[in-house]
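Take a look at this single chain, the form predicted on its own, given in structure tokens.
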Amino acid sequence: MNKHVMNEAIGETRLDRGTQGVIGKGVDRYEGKLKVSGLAPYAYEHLAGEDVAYGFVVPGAIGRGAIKSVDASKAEALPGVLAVISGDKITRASSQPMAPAAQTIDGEVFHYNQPVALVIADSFETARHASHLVKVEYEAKKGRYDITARETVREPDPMPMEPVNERGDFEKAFAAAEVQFDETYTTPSYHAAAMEPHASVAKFDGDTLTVWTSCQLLESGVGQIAAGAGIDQEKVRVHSPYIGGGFGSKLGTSPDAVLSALGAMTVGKPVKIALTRQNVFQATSRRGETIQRIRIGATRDGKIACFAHECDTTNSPGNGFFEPSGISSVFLYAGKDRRIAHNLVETDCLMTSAVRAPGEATGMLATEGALDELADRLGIDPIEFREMNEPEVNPQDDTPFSSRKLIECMDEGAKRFGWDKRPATPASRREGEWLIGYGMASASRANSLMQSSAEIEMSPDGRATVRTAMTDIGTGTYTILQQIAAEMLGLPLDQVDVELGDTALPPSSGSGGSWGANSAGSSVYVAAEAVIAQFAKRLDVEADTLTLKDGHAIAGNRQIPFSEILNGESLSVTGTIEPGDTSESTHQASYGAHFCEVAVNAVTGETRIRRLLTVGAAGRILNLKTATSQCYGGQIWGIGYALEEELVIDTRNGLLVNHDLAEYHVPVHADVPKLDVVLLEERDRYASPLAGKGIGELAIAGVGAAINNAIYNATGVRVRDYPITMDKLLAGLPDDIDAAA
């Protein structure tokens, strides 16, 4: 085992030399042809053509209470039904990757449409029909479904950050401030709504349980499935080679994974379960709704003296995760006296969990709106206001930044966007019925490096194969790992194969938190360094003097093909990356800035986004095409959060009312303008051997605020309750504004 611990900054590496010329390039996806031809098997498509059974979930019909009885006699009498599983075998699955185990429901109903039974039949149609024949008798209890009621408030677990961060005496500093800003912003609950529904196929051979599932972090999935199925972890193998989107909802296991395993062990044949779209919305996880109070004390000339971001969010009983809306507020702007605090309001609704950019996606809707509002009150340009409050070190604990190009992102974006043409006065520019406005917002996403391992096997002909239990959720992991190995080893891309998504392979960081590419990629880097060391040893030269290109090693005046070095043998090494001192000695984050132009109809309140530009800096960009694509996705999602997305909770019973894609509105083609993304050149030597940082979640952070700020510039109307729907805008517009044309 070859291991590298990040205890100090990394100097120039083989990636910087660019000898092979593939790293960073926007090369096509390694698995692209398989996907467009329909040959890339997703979870539900495994065991095609084999004799399998099908499972269908019976959802609970109350919001909170107890199960008195389950009568499955009519369902079991239906021809083709193999079994009905209910009682203490039904687990309360967790989307939290660090959850120790799935919990049995023990006859309790924790939220509306919670799975209470599973029907297994020889066809999907029979299982679905039989599920309606299962009769469940309940004893309903009073539930808590409204965050604003604050019936039960508790301190959340320190996950994914410490819930309270303080420095100095904020209240005293705020009371003494020359200018006091105090506003509250609210965001609704959201759903990940990945294109691929949560689905699993399980097969039990009497000793070993194999599960093909859609899961972002495979190692934690093994433990959760084993606990739910009552089998030793060593006897569980999980596959997830292709995932049709996860966005956090697939970090841990969902009910389908555990229930398919239980089903296979019960009926003695493989069992397939694909959750319906309604099941996905009602029985997996969601983003918690938030109430965020922003208080900023400043001088009259625009210097921030103190900063507070206090947040209420929700989760269900037994779950300590909270939406960390203040995660960027800890480090983004100056302010000597600070308070970043979170409360968890317990509700009897579907559990909340991580959704793409947990914290930043909701928190920056509030903070970046607040910065814009305060700049407007002070009569200072929003970019100038942000730049004059740029901290030199992390303002929470004085830790130096590993790298930080926020100002460069804002300046480059302003130049490209034409910020100098922004209407100086809100509601001052019109085109017929349309009011035109510009807005901007900062973007940030904290960076993490996670332990991860990968194997590189060199075959006798000099071809390389990368193997790791890493997953690809559509972000381009296959391609990025191929590029890293090819650049390090001096191989053409078509001479590198990649195998992912199998827990029999070296354990990986998994996909989540924008740590995947850097963590898994760094493990490939370490493994490649070990291969190079082996080559150098066989050639009796120093590794640093060895140049690798096009499948040849070049040392001195010799050029030796890899096949000759390997001498008819294969070579296999495993590399592991671990976070070290640099994670504590520096503050690491990716940064960016969003710029938006909107047109708002003065008669109807309709908002149309005309232009959207994102400028980002995330260390070394490993693949320009996939990184840009990730940013497009973040921009589109930001449009949804600004204008459309809202998971509506019936506060009488906790039912998620709009539980499908017909009523949970996400942006469509007509909502999205031509998008523009610019990624600045940067190297963060403290972040990883690759000198890169996470980018997948950076691009969603702040987009909605930039849109909201543009809407204010267009109309003079501030909306602090997301989404910004037409009724909210019309309520703020003056009655005679349509006559002002």
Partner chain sequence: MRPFEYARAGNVSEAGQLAGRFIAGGTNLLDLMKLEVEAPEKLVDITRLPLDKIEDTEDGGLRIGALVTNSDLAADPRIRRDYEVLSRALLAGASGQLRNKATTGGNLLQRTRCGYFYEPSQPCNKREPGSGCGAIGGFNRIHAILGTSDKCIATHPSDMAVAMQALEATVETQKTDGSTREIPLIEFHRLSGDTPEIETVLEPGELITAVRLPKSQGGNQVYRKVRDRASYAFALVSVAAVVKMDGGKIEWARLAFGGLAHKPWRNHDLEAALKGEAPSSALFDKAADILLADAKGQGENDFKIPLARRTLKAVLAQATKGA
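Positions refer to the first chain, counted from 1. Just so we're clear, the structure is a prediction, and the values are computed from it rather than from any experiment. Rigid core (definition): largest C-alpha set, two forms, superposition within 1.5 Å.
Quick note: we don't show the form predicted together with the partner chain, though the next part is all about it.
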### Summary
Here the chain appears without its partner; judged in the predicted complex, the stretch of 349-357, 651-659, 151-159, 80-88 with heavy atoms within 4.5 Å of the partner chain is 651-659
### Non-hydrogen atom within 4.5 angstroms of the partner chain in the predicted complex for each of 670, 725 and 733
yes
### Message
Test of understanding: in the predicted complex, would residue 6 fall inside 4.5 Å of the partner chain by heavy atoms?
### Response
no
### Task
Answer with yes or no whether residue 458 is in contact with the partner chain in the predicted complex, where contact means some heavy atom within 4.5 Å.
no
### Task
Although the partner chain is absent from this view, report whether residue 61 comes within 4.5 Å of it in the predicted complex, heavy atoms only.
yes
### Query
So in the predicted complex, does residue 116 come within 4.5 Å of the partner chain, heavy atom to heavy atom?
no
### Task
Could you spot which one of 184, 278, 545, 299 gets a heavy atom to within 4.5 Å of the partner chain in the predicted complex?
278
### Contact residue in the predicted complex, chosen from 666, 378, 393, 140 - any heavy atom within 4.5 Å of the partner chain
666
### Query
Does any residue in 428-459 get within 4.5 Å of the partner chain in the predicted complex, counting heavy atoms only, and if so which ones?
433
### Task
For residue 732, state whether the C-alpha moves by 2 Å or more between this form and the one not shown after rigid core superposition.
yes
